[in-house]
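Laid out below as structure tokens are two forms of one and the same protein chain, each shown alone and named structure 1 and structure 2.
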Structure 1
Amino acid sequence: MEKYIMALDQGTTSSRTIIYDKAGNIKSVVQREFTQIFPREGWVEHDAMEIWASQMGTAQEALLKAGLTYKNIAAIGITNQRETTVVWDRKTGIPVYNAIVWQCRRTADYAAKLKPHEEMIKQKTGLLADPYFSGTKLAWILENVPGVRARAEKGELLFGTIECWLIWKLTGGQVHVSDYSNACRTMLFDINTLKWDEELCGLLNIPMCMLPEPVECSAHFGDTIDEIFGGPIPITGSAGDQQAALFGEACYNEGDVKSTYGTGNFLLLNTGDKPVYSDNGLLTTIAWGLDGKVTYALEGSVFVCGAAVQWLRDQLRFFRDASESEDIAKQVPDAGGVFVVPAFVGLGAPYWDPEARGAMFGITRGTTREHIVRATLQSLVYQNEDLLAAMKADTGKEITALKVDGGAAMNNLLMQFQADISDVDIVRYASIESTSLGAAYLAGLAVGYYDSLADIVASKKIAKTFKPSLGEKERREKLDGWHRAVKAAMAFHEA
């Protein structure tokens, strides 16, 4: 009987299930969007039960679509939107409140109170004191949902990020675990000791009895209950979306780096078996735990990447389909001196300016739609280059190649500009589904579906490599223009 791996890819706007063969080819894929809840300005929530229902719906449909049963699935791997926070009843499995999403900014005041402890937080967790992470979201639920704190302190409630919630549900409430790559995004987990930290939990008044058991990313966590698929399937892989993408891009060596062009943009650099702390606004994170060893990474987050193209489509109505942006941008030889700073929700790394807002500079009477589209696409590249420059400064090492994935990685104009501005080779694999593939690889390693990392690398096929073609003087001029634009955008709200 031919065997496959099932990847559950639980994202911010949709749940997907992809069934892969050993070569990484897709046997079937099903995707389902779910409700985005915005109770107030800056607040973002999801219904955790709807996430569960949508994820299981896609999983069952993917099996039917492929003509498979649970017996054909060697293992399940899970990847997920990180930092999103769920609290639920240990006995009934019913959440006490909607899931608070990673994008939600309601806990800015909680994060501000942690600023005096930021150096300690950085040394233990690799993170900044920011509402982005799960710890402040959990503290908010404990303080603001009636009766929750008392129940939590009695041991009646459990906390988890989305992979933890899905594993708990898949196993019928038998397994409460969080893999290292997700646990390290809570601001409650010490990435050096690989344990929940009493001091950090104390700062946010979190009862430690709520917390899941931290585990490696590739191991046998448990089996699905028979009611879901008709029989048990082992759950053996789990990683947060960006770490899963790093794994899926086969960035297994120290110095390997990948960029995911999604709604936001995430650049991760494998730093090997020791955490590297940043002086340039990057986060230090666990990439994965595998075979008793932990691999660390430096991470840079850009809040607006593909979302800038959606803005051109939905708000400015420059085109109907995002894929048209490349053809429109090609109609002009350059951006005509225009710079777009897409700081619609503030600026992420390396600036970390939550108050900054979007801006456009260099407009003249001759500026056209085509120039603005090209300038917007180029802004994605400039933001990525800022992260690469920060990584070089933190590690003291040159970066010669960048592996790319995500929807915008299919834009050849964009990828060539990235090669030119960053002066590195851009490598695009045949499959840009690296996030779900990473979860599949982690699951497959645990059950012997893949023999080794070398087995995975052998299955990867490069579709295209983009080589730098821009002179240093022109490259420097373009970057100087970008940095002036960013500085001006940040100065606007300070005036």
Structure 2
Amino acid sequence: MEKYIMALDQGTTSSRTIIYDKAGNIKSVVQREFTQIFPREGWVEHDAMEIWASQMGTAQEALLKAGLTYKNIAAIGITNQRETTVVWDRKTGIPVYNAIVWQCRRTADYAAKLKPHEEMIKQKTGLLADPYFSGTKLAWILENVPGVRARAEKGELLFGTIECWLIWKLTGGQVHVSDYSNACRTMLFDINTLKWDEELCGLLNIPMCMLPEPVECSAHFGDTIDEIFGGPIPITGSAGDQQAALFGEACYNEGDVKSTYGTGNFLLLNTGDKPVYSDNGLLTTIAWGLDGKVTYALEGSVFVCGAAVQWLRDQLRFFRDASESEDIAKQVPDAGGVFVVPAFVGLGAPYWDPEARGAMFGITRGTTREHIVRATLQSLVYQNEDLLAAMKADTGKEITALKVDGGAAMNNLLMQFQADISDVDIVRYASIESTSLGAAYLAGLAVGYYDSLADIVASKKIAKTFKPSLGEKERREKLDGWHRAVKAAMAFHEA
């Protein structure tokens, strides 16, 4: 009987299920959007029950669409939006409050109060004191939802991030686990000892009996209950979306790095078996736990990547489809001296200036739409290069290749410019679905569907490699122009 892996990809705006064969070909895919809840300015919630229903619905439909039964599925792998926080009743399975989403800033004041402890937080968790992570979101639920603290202290309630919630639901409430790559985003988990940390839980006043058991990313967590697929399927893979993408891009060696060019951009560098702490505002995170070993990563993100292309499309109305940006930019040999700084929501690493706003420099009477489009695409590359430079500084090591995925990675002009500016080979695999593939690989490894990492690497096809072709002097000049532009944009709001 032909066997497949089912990947559950629980994202911020939609739940998807993809069924893969061993070569990574898609047998079927089903996607369902769910409600985004904005109760107040800056607050973002999801209904955890709707997440569950949409995820289960897509899984059942994907199986049906592929003409398969549970017997054809060797294993399930899960990847998920990270940091989003759910608290539910361990008996009834009913959440006590909506899931508080990673984007939600309601705990900004709480996180600010943790600033005096930031060095301790960094050493233990690899993170910054920021509302982005689950810890303050969980503390908020405990403090603000009536009756919740007392019930939690009595051991009646459970906490989990989304992979934990889905595994609990899939196993009919029998398994309460969180894989290391997700646990490490809570700000409650010590990435060195691989345990929930008493001091951090004390600081945030969190009863430790609510916390799931931390587990590796590729292991037999449990089986789905028969009611869901008609028979059991083992759940054997789990990783947060960005770490899953790193795994899906086969970044298995120290020094391997991937970049996901989506709405924003996430860059992760495999730093091997030791955490590397950043002096440049990058996060230290667990990439995955596998076969008794933990692999760490440095993570940097750019807030505005493909979103800048959307801005050209929707606000400036330069084109109708993001993919047209490439042909338009190609109509000019260069950006004509224009630099766009797309700091629409401030600047992240390595600048960390939340007040900064976008700017455009070097405009003349001859500047055209084509120049602005080209300069905007180039800005995505420069932002990425700033993160790569920070990673090189933090590790003291060279980076020779960058593996790419995400929607904007299909833009060849953009990829060539990245190769030129970062002076690295850009590797684009045939499938840029690396997030769900990563979850499928982790699940497949645990059940022998894949024998080894080498087996996975052998199954992957490189679609295109972009080689650097720019001289060092020209590269330096362009980067210098970018850095002057960023500095000028930051100076604008300082006055």
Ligand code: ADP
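Bear in mind that the values here come from a model prediction, so they are computed numbers and not experimental data. Along the sequence of structure 1, residues get numbers from 1 upward. What we label the rigid core is the largest C-alpha set whose atoms superpose within 1.5 Å from one form to the other.
Chemist: If only one of the two is the form predicted alone, which is it?
Modeler: Structure 1 is the matching one, since it is the form predicted alone.
Chemist: Superposing on the rigid core, is the Cα displacement of Ile141 between structure 1 and structure 2 2 Å or more?
Modeler: Ile141: C-alpha displaced by less than 2 Å between structure 1 and structure 2.
Chemist: Rigid core superposed, CA of Val340 - does it shift 2 Å or more between structure 1 and structure 2?
Modeler: Passes the 2 Å threshold, so yes.
Chemist: Taking the rigid core as reference, does the Cα of Ser469 move 2 Å or more between structure 1 and structure 2?
Modeler: True for Ser469: a C-alpha shift of 2 Å or more.
Chemist: Could you check how much the CA of Leu316 shifts between structure 1 and structure 2 after a rigid core fit, in angstrom?
Modeler: Rounded to one decimal, the shift is 4.3 Å.
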